[in-house]
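Here's a solo chain for you in structure tokens, the form predicted alone.
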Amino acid sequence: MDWTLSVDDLLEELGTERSQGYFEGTLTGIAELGKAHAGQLSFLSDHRYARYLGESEASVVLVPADKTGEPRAGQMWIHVKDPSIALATVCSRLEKRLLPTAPAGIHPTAFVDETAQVPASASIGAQAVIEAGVNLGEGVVIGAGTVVEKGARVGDHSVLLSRVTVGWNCLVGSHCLLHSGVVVGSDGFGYHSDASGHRKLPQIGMAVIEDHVEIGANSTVDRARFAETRIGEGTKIDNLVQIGHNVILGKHCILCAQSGVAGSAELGDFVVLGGQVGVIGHIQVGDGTKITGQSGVSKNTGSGMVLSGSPARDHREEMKRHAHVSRIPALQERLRRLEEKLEHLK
């Protein structure tokens, strides 16, 4: 869908007090500095890309408040505290224009059990299923094909996009966003194994998603074997992330794509897992710890650490280890030459 944005609207939205240069016209797109064309908005939030500013064809550029210099002819600079945040503000406005709020009401093809509590402000999409005893908060949006199972609850103003499943008796807090394909409350992976095979252990706990949590497409949060699996307030989970049963995630964690947290692990507040990080079960990761991509965490960690590798260790030590390993071929060649010299001396 096409959109336009005038400079006056942009300045009003950002509430900025300082701009340089002049652009007459409307904005019709957003692009990176090095790829922007006339009529497009761009931004400079990292000094590494400052070299593109002088040659950028962008008509309007969001720059840091302390940026010096002059825009080229026909270009405007808008000085803001944080260009990335300013751009997010603009995109938020455009998003509301491009994706209008879902209308309140129940689609004719949806199924809503007569015992479910669905306020008039809720929006229930096509072929959605709301089972018995479900409780939806004010302004909840349930996307097409989404299923909220028996006894589950969804808090005020949460949005569950298409084909989301919230399992029986599970809880999603308020102001949450669950992207397409998310499953909350699938069975935890629990079996008793012996010579006769694998006997399934019933998973009768629940999964709890606290307020202001976002979960990316096709990610899963298993229900607990008993008690609860819990995702802390403000946590953001990327696509294709697996959270095992009885896991406890603290507040405001970040979990990047293809990460996995095994059963009964506990992550503190503000923990960051890079892409493809694995955390084994029954361990604790301290508050504020950051774990780089493709690392494997196999034991308890302290708080505020930066860890890398598998098994994960202090990031600086891991980098030294990689440096030493990279020298092995040269050391082998050096050793071979020394052996030849010794052999010659013999």
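Nothing here was measured: the structure is a model prediction, and the numbers come from that model. All residue numbers refer to positions in the sequence shown, first residue = 1. So that the term is clear: the rigid core is the largest set of C-alpha atoms that superpose within 1.5 Å between two forms.
One more form of this protein should be noted, the form predicted in complex with a further copy of the same chain, which is absent from this view; the next part is about it.
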{"item": "Single option in Ile283, Val306, Ile30, Ala50 placed near a further copy of the same chain in the predicted complex, where near means a heavy atom within 4.5 Å", "value": "Ile30"}
{"item": "a further copy of the same chain: the contacting residue among Met76, Val141, Ala128, Val134 in the predicted complex [heavy atom, 4.5 Å]", "value": "Ala128"}
{"item": "Close approach of Thr220 to a further copy of the same chain in the predicted complex, 4.5 Å, heavy atom", "value": "yes"}
{"item": "Asp156: touches a further copy of the same chain in the predicted complex, heavy atom cutoff 4.5 angstroms", "value": "no"}
{"item": "Touches a further copy of the same chain in the predicted complex: Arg316 (any heavy atom, 4.5 Å)", "value": "no"}
{"item": "Heavy atom of Arg327 within 4.5 Å of a further copy of the same chain in the predicted complex", "value": "yes"}
{"item": "Those residues of 152 to 184 which, in the predicted complex, come within 4.5 Å of a further copy of the same chain by heavy atom", "value": "Arg153, Ser162, Arg163, Val164, Thr165, Trp168, Asn169, Leu177, His179, Ser180, Gly181, Val182, Val183"}
{"item": "Post core alignment: Pro329 C-alpha displaced by 2 Å or more between this form and the one not shown", "value": "yes"}
